[in-house]
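Here we start with a single chain on its own, the form predicted on its own, put down as structure tokens.
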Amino acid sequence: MNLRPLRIGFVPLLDMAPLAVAHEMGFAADEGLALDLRCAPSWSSLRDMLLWGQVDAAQMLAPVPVAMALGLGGAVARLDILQVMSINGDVVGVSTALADRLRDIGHDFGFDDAALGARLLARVAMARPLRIGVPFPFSTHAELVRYWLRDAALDYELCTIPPPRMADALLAAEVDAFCVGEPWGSVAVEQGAGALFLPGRAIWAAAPEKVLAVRHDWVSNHDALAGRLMRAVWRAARWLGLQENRITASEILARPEYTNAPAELLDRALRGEMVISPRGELRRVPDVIRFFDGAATFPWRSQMAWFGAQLARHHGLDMAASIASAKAVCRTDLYRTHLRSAGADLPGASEKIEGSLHHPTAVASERGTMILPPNAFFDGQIFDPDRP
């Protein structure tokens, strides 16, 4: 069979797994595709690779297409979200010095209470602003940190650090804390640079982290090709959702051409057993990262609307227009068209009330099998995209 080459960009993180698995386990070949997976050193370089046509599609930070639709970050083209690649997957970490100060005031690093964490972090803050590393200005990491600390009496600044450099930045005291995707938080622990403070899901229980993004003009001219890629990535995500495939997935992702990180660290995150400090303290965290279950791959307009609303507040933009623009980049039409035949269950609506679910909830869907997981925010807030 002659396979159609397709160039796909990624940054070396656990959540690029659907791309690696689609390539390595034959899901792309089943769709007649030969994926040429190209690693980028940072999110800015990957964004530029996609914008200037050096890759056809890319793993992308969920807020980037939204920010570009709002005219932020030097937008030169529209990016569309075909599907979500991962939910959660981020961790908040602190330096060894901060961890010691937190323990001195009695914090037990329970790894689950974001509200308490914000208060205690404010108590041990330094005279200068706390420097918090995030991978990119327009990222789920940055939005989670801003939302988490918005009411804390804490002066801080966000510093952009590529994910593979986060542990080194903490060791070199370039930052005091970070929010980064796995396995780079666990790498910081392994290197003795600091301790993990919170999983990202403690701030928002179902935060969309990475998406499969393409240029709007590209997908307009390659609809059928986009569908083949979507089905390959969707089937890879389904494979990743099966526990019996966890070890194989870790071994694939550990290869130098993907994350080049220890398979053991990748496996820990996949099974939700996190070593949070050099002391060896273990915390069990369900849904540290999720690839498939609970409609994880569906590009919910309400999730991108939340990012649009946050960016509108930060940058003084019109709220209603920002939310409308954020919703427009979610190609739920292509998802329904191309993934129905693959067996995807499709929700009756493309929006939901973010923050409203505190336990698994069955919702209306075409196949009647859709159960959404909790999506609560740590502070109990509710986000209705029609009444932000």
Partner chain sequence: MKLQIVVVEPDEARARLVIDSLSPLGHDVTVLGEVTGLARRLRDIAPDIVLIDMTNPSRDTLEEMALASGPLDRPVAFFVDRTSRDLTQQAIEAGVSAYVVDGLQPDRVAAVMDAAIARFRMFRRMRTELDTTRRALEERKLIDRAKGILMKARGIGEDDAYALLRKTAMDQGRKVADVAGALVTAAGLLS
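Only a predicted model underlies this, so the values are computations on that prediction, with no experimental measurement involved. Numbering follows the first chain given and starts at 1.
This protein has a second form, the form predicted together with its partner chain, left out of what is shown; the following refers to that one.
The stretch among 357 to 365, 336 to 344, 42 to 50, 24 to 32 whose residues place heavy atoms within 4.5 Å of its partner chain in the model of the complex is 42 to 50. The closest heavy atom approach of A125 to its partner chain in the model of the complex falls outside 4.5 Å. In the model of the complex, its partner chain sits beyond 4.5 Å of every heavy atom of G227. Proximity of L130 to its partner chain in the model of the complex: non-hydrogen atoms within 4.5 Å are absent; the residue sits far from the partner. In the model of the complex, at least one heavy atom of F138 sits within 4.5 Å of a heavy atom of its partner chain. At a distance of at most 4.5 angstroms from its partner chain in the model of the complex, all three residues Q54, L158 and R165 contribute at least one non-hydrogen atom. Note on the partner interface in the model of the complex: the residue among I105, L242, A153, V76 having a heavy atom within 4.5 angstroms of its partner chain is V76. With the partner omitted from this view, the residue of E251, D113, E174, E273 that lies near its partner chain in the model of the complex is E174 [heavy atom within 4.5 Å].
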